[in-house]
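Presented below, as structure tokens, is a lone chain in the form predicted on its own.
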């Protein structure tokens, strides 16, 4: 379903809370040219790092690449375009796409390289950057549990990006650790409702 050159939201934080079975399937398939939107590019041999090693990523929109020397080398060589976005700003840009906002105003980055080429808005005597929404063609997310309808529950670090990304993509593919009958997940534990989820792929154990 995922074509060459697609924009992908991929959940996780240094590979924790990432959809590893989906990533492995993409690497095995060999299609590339992707724009990957994520917190980071993990490490070589881990999560998104596998996609970097396989040469599948044309552009990365991330908050840092500090623990993946392969991403750094490919960026310096001009093989990957990297847009570094402050972590909080990155989350808000994704959220803005999910809730239909035209952008977000933030003081983060004012007076730094982040400001270059961006619209500056002055409000009540303070200057803000207008940061635009980031929407994806596909969101590849990891969850702790799902029911057969697609309601999702998350644990710990997986809360950081996965629920937000599920709101901001045309197609959402969720990879839960287990899929349970409807009703097995308490309603208060559901962070992503089934209406947002298009496909489920149970994680390999």
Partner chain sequence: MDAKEIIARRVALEVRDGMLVNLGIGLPSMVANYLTPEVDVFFQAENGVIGLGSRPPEGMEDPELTDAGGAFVTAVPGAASIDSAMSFGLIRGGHLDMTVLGGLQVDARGYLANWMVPGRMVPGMGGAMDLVAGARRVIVAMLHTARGTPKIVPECSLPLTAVRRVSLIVTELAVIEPTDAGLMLRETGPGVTVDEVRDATAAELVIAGDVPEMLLAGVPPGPPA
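Predicted model, so just to flag it, every value in this text is computed and none were measured. Residue numbers count along the first chain shown, from 1.
A second form of this protein, the form predicted in complex with the partner chain, is not displayed here; the remarks below concern that form.
Heavy atoms of residue 21 never reach within 4.5 Å of the partner chain in the model of the complex, leaving it off the interface. Heavy atoms of residue 53 never reach within 4.5 Å of the partner chain in the model of the complex, leaving it off the interface. In the model of the complex, the partner chain sits within 4.5 Å of a heavy atom belonging to residue 66. Residue contact check for residue 16: one or more of its heavy atoms lie within 4.5 Å of the partner chain in the model of the complex.
In sequence order, 88, 89, 91, 92, 95, 98, 99, 100, 101, 106, 108, 109, 110, 111, 112, 113, 114 are the residues of 88-117 having a heavy atom within 4.5 Å of the partner chain in the model of the complex; the partner itself is omitted from this view.
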